[in-house]
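Below sits a lone chain in structure tokens, taken as the form predicted alone.
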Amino acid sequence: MPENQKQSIHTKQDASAQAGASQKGVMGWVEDRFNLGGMKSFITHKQVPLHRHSLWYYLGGMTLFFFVVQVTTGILLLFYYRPSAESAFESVQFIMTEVRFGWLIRSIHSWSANLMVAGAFLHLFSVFFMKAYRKPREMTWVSGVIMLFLAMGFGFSGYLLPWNELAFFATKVGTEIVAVVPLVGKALMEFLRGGEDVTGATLTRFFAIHVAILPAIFVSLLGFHLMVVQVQGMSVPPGVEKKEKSLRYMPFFPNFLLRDLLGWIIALGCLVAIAALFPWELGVKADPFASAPAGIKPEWYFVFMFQTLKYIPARLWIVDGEIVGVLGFGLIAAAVIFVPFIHKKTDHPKTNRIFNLIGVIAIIYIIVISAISYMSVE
């Protein structure tokens, strides 16, 4: 072999060895400091069960996707938003008319907020019907339910931020309902409002709650929720466990993860299309001295509670009817949180049927009452 050819081969081998050593050096440096070997082994060995209900596993990731969209678009809006009664409406108006694609970013933020709550509700009911809250996944359920309530809190606090007429009076009605809570209701209302009435102080407080307090609590719970889901794995419904002796499994990485990412891409395309075709309107600037517009209603996920309170008589024996309604919803919320500790016999067909019936009735009630509220003319 000619000398120059040998030299060329040695040069290529040396370059390849140097590149390998460099790559090994970087990975070795990272491995020495972060010990990623265990994480890599865990991800590569993690599996997702395959059965006729596997489609519901993707709802959690979809809800997470909408939260990521919320954070991303919210940060972009923060560059221009001014949280004061004098300039909040004008700053949102500026975003929608002067900032390039500002109207689209705001519309995506508003639509994704609603889709996130809808996804969280669907995820909750899918977990409920698949009995994925049974031992040892009790805390997965508890953290998930609390995150749903926090998502609704995001919606309530963010609703006021544009400082438009509809949001102003809806917030006024919502905080008045809070005042009904015995003992602490009045103090809680004044804390939320920053005084007796809905003013600029209320807007500032809602802004702080929306962009600082709720995100800090939500992200902490989200980290815990994702950790326990990864450690405990996906739950298999009791009925599937009994009928199918040998379950098939799919690797989490890359199979399940790539399917999840495909769903995110499709959801992003649909979200942008909805936001562009049906842009979120700004409305009219709030006037505290104006009368409330007819047919004032909260966001859709609060409508069934709002309508239910209207059905309750003003007095129930010696108790204010509104107090009974608010306390009733509080007890229902507590019961939902503690479902895993109430329904322990998930392998018992009779108790399963009872709890499934309760879930179906709840879904029908929410849909029917909300539909009646929207169809009613006030």
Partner chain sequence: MGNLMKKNIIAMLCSVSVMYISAQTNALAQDATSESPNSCIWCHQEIGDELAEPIVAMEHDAHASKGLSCVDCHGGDPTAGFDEDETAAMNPAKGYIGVPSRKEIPQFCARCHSDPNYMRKYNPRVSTDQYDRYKTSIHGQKLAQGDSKVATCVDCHGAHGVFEVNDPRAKVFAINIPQTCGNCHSDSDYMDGYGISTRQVDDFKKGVHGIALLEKGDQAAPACNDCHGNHGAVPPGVPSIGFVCGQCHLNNSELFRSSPHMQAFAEEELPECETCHSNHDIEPPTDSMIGIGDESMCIDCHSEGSTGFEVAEILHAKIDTLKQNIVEADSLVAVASRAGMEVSEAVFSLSDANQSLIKSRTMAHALSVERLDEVTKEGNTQANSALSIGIAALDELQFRRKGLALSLVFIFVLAVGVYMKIREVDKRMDV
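Positions refer to the first chain, counted from 1. Treat the numbers as computed from the prediction; the structure is a model and nothing was measured.
This protein has a second form, the form predicted in complex with its partner chain, left out of what is shown; the following refers to that one.
- Residue contact check for E196: none of its heavy atoms lie within 4.5 Å of its partner chain in the predicted bound form.
- Interface residue remark: R248 is counted as part of the site for its partner chain in the predicted bound form, having a heavy atom within 4.5 Å.
- Its partner chain is not drawn, but in the predicted bound form it has no heavy atom within 4.5 Å of L183.
- Shown alone here, V324 lies farther than 4.5 Å from its partner chain in the predicted bound form, counting heavy atoms only.
- Not one of H51, M147 and F149 places a heavy atom within 4.5 Å of its partner chain in the predicted bound form.
- Contact with its partner chain in the predicted bound form, defined as any heavy atom within 4.5 Å, is confined among 209-217, 153-161, 223-231, 256-264 to 256-264.
- Shown without its partner, this chain lists M139, A290, L268, A201 as candidates; in the predicted bound form, only L268 has a non-hydrogen atom within 4.5 angstroms of its partner chain.
- Comment: its partner chain is not present in this chain, but in the predicted bound form one of I296, V71, A276, A187 has a heavy atom within 4.5 Å of it, namely A276.
- Shown without its partner, the chain has Q93, M96, T97, E98, R100, F101 in segment 75-102 as residues with a non-hydrogen atom within 4.5 angstroms of its partner chain in the predicted bound form.
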